[in-house]
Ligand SMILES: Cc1cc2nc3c(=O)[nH]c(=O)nc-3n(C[C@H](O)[C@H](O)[C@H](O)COP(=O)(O)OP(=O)(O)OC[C@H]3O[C@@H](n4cnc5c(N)ncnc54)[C@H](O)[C@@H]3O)c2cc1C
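First, one chain by itself in structure tokens, the form predicted on its own.
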């Protein structure tokens, strides 16, 4: 078939169908194939974008990735904040072609508490994911500190990195406010590499390519999935319909189970478009929850001028959420303000100007949502989306307050610091961390999937990307989403 790249095997029974080859879909395929489960992976792109990376002694000396497939998509209606962004790429590996590689674990507190509002209670906790974090970290190779701090459990580390001792006074000052200062966990891989990709870890190159020789794995590229087909007599989804981008021909593929990992917006779009007489508002949407509770990280970046020279970070520095604050808080990542400063990090130079990125949090509400614009289609023949999303004034005020907290930490260490921007302008979606629109909850009143990522109303469909997050703690979500995907595949295999 045109646009198809298959493994050697075949199965007497229908395989598990996985939609999407980003980190979560790739992780799901890896876990099933390793346990001799037949998998067919459908990827809308023809392959990963062109790229190249050279690292010597842990330092990147060359990096290139073709950003042509990366879209700040205009094929949707922003019905609340007109600046809302939706980044996506129809390419092998998804957004892992462009990410920073930050992989902090969520802490136990990030999964909420028994006293949290009912709508914000995760149905699983840190202990449920601990072993699956290890499996995900085995796949990506983490460079980080080997020590746990209250709001950042230690990763399984492939290469250890420690905080420069000249940053210790800042760390000690931060501790008085309840923050910890540690190296940011990154998926960096080997200190020495010359590879045909633009990021140290890419799920297409690092996972999917390794599965291609397995008799249990089949990959179909150019396969743009448009709907899942519900079979009422059996009470299951029987097949998926996809269009081959290279030919324009529609195909139907049958499966025993379906695992959706197309990203928070595209996974939601697929379920909304999978309508039937039993599910007129989208597959499994029995309580009008599908598409609701959309959340994202408010993201701010600002240059900081310090009165005291400190080592320029060759590896980003991370200041965690305070132990004195609840789950709706912020974290800071300190790096370079100017890319031309990077060569200085190779020789341990100090500087006074840094770039600080802040991720905040927001409380998910049912009003923030993804929905379809009936009667309108995009260039792929898919329904056009409404994204009704934005930040309220309290979220903006909280992000502005994070600047003063950072300045106070420096001041307590005896260092004067100045933020070189005024005001704050937040672009919804800019962090590329959308989640929550197919959320996980014990009750179908508040969530679409259970703790095993299985749709409450459709037992042979699981969703395994950030769309299942119940809340969005202030951390980069990819590692936790991969761990959730690995855990879900364990339950699928057993069932």
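Just so it is clear, the model here is predicted, and its values are computed rather than measured. Positions refer to the first chain, counted from 1.
Although it is not shown, the form predicted together with the named molecule is what the next lines describe.
This chain appears without its partner; in the model of the complex, the one residue of 369, 120, 224, 403 with a heavy atom within 4.5 Å of the named molecule is 224. Residues of just one listed stretch (394-402, 369-377, 261-269, 189-197) have heavy atoms within 4.5 Å of the named molecule in the model of the complex: 261-269. Contact check for residue 336: no non-hydrogen atom falls within 4.5 Å of the named molecule in the model of the complex. Although the partner is absent here, residue 19 is a contact residue: one of its heavy atoms lies within 4.5 angstroms of the named molecule in the model of the complex. For the chain shown alone, residue 462 is not a contact residue for the named molecule in the model of the complex, no non-hydrogen atom being within 4.5 angstroms. Taking the partner from the other structure, the named molecule in the model of the complex has a heavy atom within 4.5 Å of a heavy atom of residue 98. Shown here without its partner, the chain carries 77, 291 and 294, none of which come within 4.5 Å of the named molecule in the model of the complex through any heavy atom. Although the named molecule is not shown here, in the model of the complex the stretch 38-53 places heavy atoms of 42, 43, 44, 45 within 4.5 Å of it, in sequence order.
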